[in-house]
Structures are given as C-alpha cells and as structure tokens.
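Read the single chain below, which is given as structure tokens and is the form predicted alone.
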C-alpha cells in the first residue's frame, strides 16, 4: 500500500499503522489500516474508480469530505455509501456503484 491519505480534513490524522485489517472490493481481498476510510483504503490499493455514473462515466474520490457524492459505493448490499467519510471495517464487502444505486425504501 503505497498511496495513503494521512491527514483527512474531517476524520483527522492517522495514528497507528501496525495493525492491518482485510476487506473485499469486487470480491477481491484487500488490506487496510483500521483508521482508513473506504476511499483511502481503495486508493492505497491502487483503485481509483469507485463506480460509474448513469451515463457510464467513471467516478471516484473528488471532494473527500462527503459533499459531492462522487465516491458512492455499495457496502454489504447497501447503496449510496460515501466512501470518502465511511471508515473501512474488517470483512466488509464493497462494490462499485453504477448510476444512482437501487435504494430500498
């Protein structure tokens, strides 16, 4: 994991990087630090495209503070999760979101 977000404007500064956790992205097992956001963990693993717009254009990290919705992903089957402000958790399953997702009301 070479590329890291070390100082987040909302979540603060990263501290302990001795422990690693694992999560899944598109079925692939990846490693992260416990204080990573989903976005910072994906970027650290070389993944820049988090989903696709309704017209098929790639989407990824843009504002990094949860305002723009460019980083929306599906987490454990739940769409419209903001990867830039959502902490990564051990064992979560993250998928690229296509379009607006399919929320259930």
Partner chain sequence: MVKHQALVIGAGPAGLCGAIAMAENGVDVLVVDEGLEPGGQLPKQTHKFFGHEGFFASLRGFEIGKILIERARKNGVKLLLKTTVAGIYEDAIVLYNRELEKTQELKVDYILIATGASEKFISFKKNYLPGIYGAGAVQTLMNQYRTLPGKNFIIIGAGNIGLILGYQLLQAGANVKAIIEASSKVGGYAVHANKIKRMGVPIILNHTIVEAIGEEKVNGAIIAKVDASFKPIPGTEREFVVDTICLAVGLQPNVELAAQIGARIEYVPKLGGYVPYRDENMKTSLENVYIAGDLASIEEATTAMIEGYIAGYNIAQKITGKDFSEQITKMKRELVEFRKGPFSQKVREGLKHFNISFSEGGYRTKIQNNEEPVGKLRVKIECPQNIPCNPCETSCPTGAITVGENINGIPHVDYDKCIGCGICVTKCPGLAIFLIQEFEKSSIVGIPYEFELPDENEKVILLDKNGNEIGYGKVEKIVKNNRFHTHIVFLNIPKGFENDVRHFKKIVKNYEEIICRCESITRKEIEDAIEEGFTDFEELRRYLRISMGPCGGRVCRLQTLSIISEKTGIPISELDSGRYRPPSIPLSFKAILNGEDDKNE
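The structure displayed is predicted, hence computed values, not measured ones. Residue numbers count along the first chain shown, from 1.
Not pictured, yet referred to below: the form predicted in complex with its partner chain.
Using a 4.5 Å cut-off to its partner chain in the predicted bound form, each of 8, 11 and 49 places a heavy atom inside that distance. Contact check for residue 85: a non-hydrogen atom falls within 4.5 Å of its partner chain in the predicted bound form. Proximity of residue 4 to its partner chain in the predicted bound form: non-hydrogen atoms within 4.5 Å are present. Proximity of residue 29 to its partner chain in the predicted bound form: non-hydrogen atoms within 4.5 Å are absent; the residue sits far from the partner. In the predicted bound form, none of the heavy atoms of residue 72 sits within 4.5 Å of a heavy atom of its partner chain. In the predicted bound form, 35, 36, 37, 40, 43, 44, 48, 49 are the residues of 29-49 with at least one heavy atom within 4.5 Å of its partner chain, listed from first to last.
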